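The form predicted on its own is given below as one chain in structure tokens.
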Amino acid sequence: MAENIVVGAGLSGLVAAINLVREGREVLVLEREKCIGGSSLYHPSPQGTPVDIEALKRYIGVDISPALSYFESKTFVFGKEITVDSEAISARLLERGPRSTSLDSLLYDIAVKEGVRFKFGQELVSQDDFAKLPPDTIVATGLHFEGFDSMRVDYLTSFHYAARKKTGDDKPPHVTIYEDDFTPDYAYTTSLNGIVFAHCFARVPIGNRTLEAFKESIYRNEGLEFDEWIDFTFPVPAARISNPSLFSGNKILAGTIGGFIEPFMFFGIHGALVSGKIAAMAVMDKDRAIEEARIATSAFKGAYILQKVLRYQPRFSKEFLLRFAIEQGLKMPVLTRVAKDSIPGWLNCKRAVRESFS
């Protein structure tokens, strides 16, 4: 049996590799970085995601609960503080990056124990590099322009400012979101496992005025200051309403590059995990994988349109809608269910639970 290749040792690539090797296949993961955990540019960092732990475990076959934490949350909408019920959308906090406390390390350790082989420092940057890989190679290159360009996936360029620093282990896990004029998207701070992280981004170019306004907001509301900020850009698969795709030629796409991301808030962790399972499935049963990918990204079009509509609302209208959604929407079971179902892969996991009891 030929060796299966997975390009990228991020969340989707690791889940794909684990599921393939459990099917009795030999699996080699090629990773551009020198170790697990992605780019040191923005990791280690705490990140949040909605997740039904047991349903996800049933679907992807991996228990990620050791890497998840409860957290305190709040949101500032144009300066007004709103307490957020994170439990309403089953949100959890986790760490990304190379440290032993990260979700990346948890999945990597499982993969190694299962027999997955890894080669680090394997940078693939051109269409020729990818073309030389065998059919059914799983491409899970994450937020790198080279992967999007080589796989001919349309993308928007997103613009980012980020900072992190060590903090005392006694600081409770938290997420604070900022919706304000300094970015047409949003910004946030998070803390977990002795790290506090701040991140502001937008789908349009942002500059020093944005950074200064964000710095002022987090100092005023949280007393946070950072010594060093970095700026960078990412490709995001939100250029077209038709962005989600499981295949590019004879290659299988997983994670962000496949469009398994929610295009309104850019939640991508849950979709990455689920898409790893689907990508492994595509090696063995393409028709089934296509249907699972369709279900996983079924809310993409609605979220894409909603984001476009809200972006062009005047401030007073946008402020009203955001406050209503946060203050009242999460108290309504119907709207809470819609919010959860919009997360890529949520419906797949929910259906897997139903089928297990049928």
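Counting begins at 1, following the sequence as shown. These numbers were taken from a predicted model, which means no experiment stands behind them.
One more form of this protein should be noted, the form predicted together with a small molecule, which is absent from this view; the next part is about it.
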property: Candidate stretches 251-259, 278-286, 203-211, 177-185 - the one whose heavy atoms come within 4.5 Å of the small molecule in the predicted complex; result: 251-259
property: Partner-contacting position among L224, V84, L124, A91 - heavy atom within 4.5 Å of the small molecule in the predicted complex; result: L124
property: The unique member of I138, L192, L246, A272 whose heavy atoms fall within 4.5 Å of the small molecule in the predicted complex; result: A272
property: 4.5 Å heavy atom contact with the small molecule in the predicted complex for all of L11, Y42 and H199; result: yes
property: Interface membership of F118, the small molecule in the predicted complex, 4.5 Å heavy atom rule; result: no
property: 4.5 Å heavy atom contact, R32 to the small molecule in the predicted complex; result: yes
property: Proximity of E146 to the small molecule in the predicted complex, heavy atoms at 4.5 Å; result: yes
property: Contact of F266 with the small molecule in the predicted complex (heavy atom, 4.5 Å); result: yes
